[in-house]
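Below you will find one chain, with nothing else, as structure tokens; this is the form predicted on its own, and questions on how it binds or moves follow later.
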């Protein structure tokens, strides 16, 4: 059973924002997540996460002066779990409709209050057999650079493959083709995926 981490709270055809059920419970940067309504599953790559106050314009204040560990702050101030929230944003990179996996944008956005799941390794393997989704990541306008996002996504996906190195070599070859003539971006990604 996939691990449910939150719900969609804002959506467009190309991305969605989800609120996590657990404070600080965002999936890792670059990981593959999904949401769906039973007819269409929408796949997306996490590109940003934040923990903020639930009240706009109100910032958390430091509370740990007399505490020995960070966990002690939350133990001494149990209300914090209700006053803060963790959200993440994910870039849509594909969808599954009528059992067919597609590496392009779905016909409609994810549904508000749709459950969001971290994709299981077998689903990540299936999705990353094709690198057609990389163009969507490379063209994205996200807070982190597209190069950072692509590299993080490939590192995350490689962990689901039996031979991570072979997967990364194949991915690097595809990135070389996609970034033909863009040497700085290409080198940035290649340096980050070998780490």
Partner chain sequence: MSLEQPKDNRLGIVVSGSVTRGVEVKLDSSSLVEGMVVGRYVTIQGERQRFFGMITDVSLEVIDPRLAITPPDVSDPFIAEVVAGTSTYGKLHVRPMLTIGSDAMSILEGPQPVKTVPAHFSAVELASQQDVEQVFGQVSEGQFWIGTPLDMIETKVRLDLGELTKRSNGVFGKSGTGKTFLTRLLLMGILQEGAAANLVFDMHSEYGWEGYSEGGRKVKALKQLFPTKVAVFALDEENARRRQVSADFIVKIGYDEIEPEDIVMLSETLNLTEAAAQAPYRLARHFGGQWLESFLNVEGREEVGELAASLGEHEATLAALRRRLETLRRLPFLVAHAPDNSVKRILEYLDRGISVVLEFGRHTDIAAYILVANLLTRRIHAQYRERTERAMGEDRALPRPLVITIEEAHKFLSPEIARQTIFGTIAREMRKYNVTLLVIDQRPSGIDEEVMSQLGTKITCLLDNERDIDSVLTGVVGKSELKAVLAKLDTKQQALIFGHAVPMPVVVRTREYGSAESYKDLGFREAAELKRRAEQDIEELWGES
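Positions refer to the first chain, counted from 1. Computed from a predicted structure; not experimentally measured.
Same protein, other form: the form predicted in complex with its partner chain, not shown, and the subject of what follows.
*Asks:* Do all of 53, 56 and 63 end up near its partner chain in the predicted bound form, with near meaning a heavy atom within 4.5 Å?
*Replies:* Verified in the predicted bound form; spot residues all out of contact, no.
*Asks:* Within 4.5 Å, heavy atoms only, which of 169, 40, 144, 49 is in contact with its partner chain in the predicted bound form?
*Replies:* Selected option: 169.
*Asks:* Tell me which of 124-132, 40-48, 24-32, 145-153 has residues with heavy atoms within 4.5 angstroms of its partner chain in the predicted bound form?
*Replies:* Going by heavy atoms within 4.5 Å, the stretch is 124-132.
*Asks:* Using a 4.5 angstroms cut-off on non-hydrogen atoms, would residue 194 count as touching its partner chain in the predicted bound form?
*Replies:* Yes, contact at 4.5 Å.
*Asks:* Answer with yes or no whether residue 12 is in contact with its partner chain in the predicted bound form, where contact means some heavy atom within 4.5 Å.
*Replies:* Residue 12: no, not in contact with its partner chain in the predicted bound form.
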